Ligand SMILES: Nc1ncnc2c1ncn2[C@@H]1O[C@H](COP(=O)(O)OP(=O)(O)OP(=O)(O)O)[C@@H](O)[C@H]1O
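The chain below stands alone, shown as structure tokens; this is the form predicted alone.
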């Protein structure tokens, strides 16, 4: 006869399996919210509760992800980018769980029997991007969040790891005040050195932070001042120098077209021009 704990675990796994199966028919091309289920580009995120009513997150890649992933990688290559989405679901699942355990050992995460899904503890908090664009949040708070994000990226690199696409949307500012990085579905080209990977990470976070503000000076700092703050907070001159000497800005490449849904075309290019100007000054 099964014990109570075994029965509860069995029910829990059945619920997980049901959620995964339901996701097979979710569209991956439009962002939408349906109760607690979120579809965003190539993945479906579902909230479920275990037998003790603890909330967990199931992140699932529906079959259509392969198409969106291939299109994304073509766009990245045409843009001269050095990072690509992991298309193999099993390897993606393993990397997501491994990175979460490496960076947040107290945070529950595990692979599932389905190659296109993994399970993790829900992080209570907010996406930094939503705070940075909020009109009712004061500038000092926003600057503090920027510093936290940069320091959190440096912590990844201090562990000899990289994120792959660290942005203001691929992490959560927890209610405990810590930054939790998520979405480790991007890998850099295998020929890059660790230093080059870290430089690409820093570049992507820098641009993501600048793009969070529709107008230059919106938080009382020019773009150049903001980049200087980011560099000072990050602190590693070798990584900063590698970034400055070999920037991989998207410019007119198609990879960043999706960013235009978050920022105007004028601001999209203004950020890149201002960043290039600062990098020239930094090298001088």
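Numbering follows the first chain given and starts at 1. What you are looking at is a predicted structure, and each value in this text was computed from that prediction instead of being measured.
One more form of this protein should be noted, the form predicted together with the named molecule, which is absent from this view; the next part is about it.
Engineer: Are any of the heavy atoms in residue 198 no more than 4.5 Å from a heavy atom of the named molecule in the predicted bound form?
Structural biologist: Residue 198: no, not in contact with the named molecule in the predicted bound form.
Engineer: So, in the predicted bound form, is residue 57 in contact with the named molecule at a 4.5 angstroms heavy atom limit?
Structural biologist: It does: once the named molecule is placed as it appears in the predicted bound form, residue 57 has a heavy atom within 4.5 Å of it.
Engineer: Consider residue 72 of the chain shown here, and say whether it contacts the named molecule in the predicted bound form, taking contact as heavy atoms within 4.5 Å.
Structural biologist: Contact check for residue 72: no, nothing within 4.5 Å of the named molecule in the predicted bound form.
Engineer: Though only this chain appears here, would residue 66 touch the named molecule in the predicted bound form if you measure heavy atom gaps against 4.5 Å?
Structural biologist: Residue 66: no contact with the named molecule in the predicted bound form.
Engineer: Mind telling me which stretch in 143 to 151, 74 to 82, 180 to 188, 209 to 217 gets its heavy atoms within 4.5 Å of the named molecule in the predicted bound form?
Structural biologist: Result of the contact check: 180 to 188.
Engineer: Decide yes or no: are 202, 274 and 283 jointly within 4.5 Å of the named molecule in the predicted bound form, with each residue judged by its heavy atoms?
Structural biologist: Not a single listed residue reaches the named molecule in the predicted bound form, so no.
Engineer: Going by heavy atom distances of 4.5 angstroms or less, which of 161, 86, 103, 120 would be at the interface with the named molecule in the predicted bound form?
Structural biologist: If I apply the 4.5 Å criterion carefully, the residue I get is 120.
Engineer: Would you kindly say which of 94, 192, 133, 127 lies with a heavy atom within 4.5 Å of the named molecule in the predicted bound form?
Structural biologist: By the 4.5 Å heavy-atom cutoff, the listed residue in contact is 127.
Engineer: Going through 163 to 178, which residues have a heavy atom within 4.5 Å of the named molecule in the predicted bound form? Please give them in sequence order.
Structural biologist: 169, 170, 172 sit within 4.5 Å of the partner.
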